[in-house]
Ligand code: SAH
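The chain below stands alone, shown as structure tokens; this is the form predicted alone.
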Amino acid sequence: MSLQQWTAVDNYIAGALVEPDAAVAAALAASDAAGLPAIGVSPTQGKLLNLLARLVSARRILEFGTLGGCSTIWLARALPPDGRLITLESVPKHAEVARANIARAGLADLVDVRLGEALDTLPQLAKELDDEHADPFDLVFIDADKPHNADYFTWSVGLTRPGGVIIVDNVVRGGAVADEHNANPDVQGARRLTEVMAADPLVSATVIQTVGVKGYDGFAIAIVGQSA
């Protein structure tokens, strides 16, 4: 098996099951024109996020790492008219491009792009939820700087309703996650996340390995408030 074959299968599946999407295509083009890294979700991954949000009947979604807003668009489309998605982005240029892409997709009223380091933003977000007696999040998608995955996950557990879902992208790292001696910060971040999930009695989690147009990687998925 090779990246060429994985890509061919991904393209076949996307062509059969993911309808052509002008808003996502425009977001990708605008992100590329702005020089953003080409690391957003693939069409099949975006559709998966949308389906997962619909499966939990998500009304409130939290996202870590907006980039150009492609994953945000997929997730926000699963929301009802009174839903809300808060997405955290640390790079001003990314946030600017994402806001334009989200507005072009007709989703600006549902999405709040918050600029700043997530670990600085989260305490204020938690305070807002308490002050406003707002409902916790139904779904969290973590796709930001990998060394902080475990920190983001721990915060997310406290911000997610019982039965809610947390998804973390890029946790297999081409298989490197199994190598305890690999000093790469992203790999160590993935390993620390796995350890934190395993030790948390409030979640039931697993990791799924994936192949496709983005190569060999995987995602973690956890349900909050339900032990294994």
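Just so it is clear, the model here is predicted, and its values are computed rather than measured. Counting begins at 1, following the sequence as shown.
Form predicted together with ligand SAH: not shown, discussed below.
Though the partner is left out of this view, residue 117 does reach within 4.5 Å of ligand SAH in the predicted bound form, counting heavy atoms only. Among heavy atoms of residue 153, none comes within 4.5 Å of ligand SAH in the predicted bound form.
Among heavy atoms of residue 144, some come within 4.5 Å of ligand SAH in the predicted bound form. Among heavy atoms of residue 94, some come within 4.5 Å of ligand SAH in the predicted bound form. Out of the listed residues 189, 164, 40, 43, 40 is the one that sits within 4.5 Å of ligand SAH in the predicted bound form by at least one heavy atom. Contact with ligand SAH in the predicted bound form, defined as a heavy atom within 4.5 Å, holds for exactly one of 111, 105, 139, 88, namely 88. Residues of just one listed stretch (176-184, 66-74, 155-163, 199-207) have heavy atoms within 4.5 Å of ligand SAH in the predicted bound form: 66-74.
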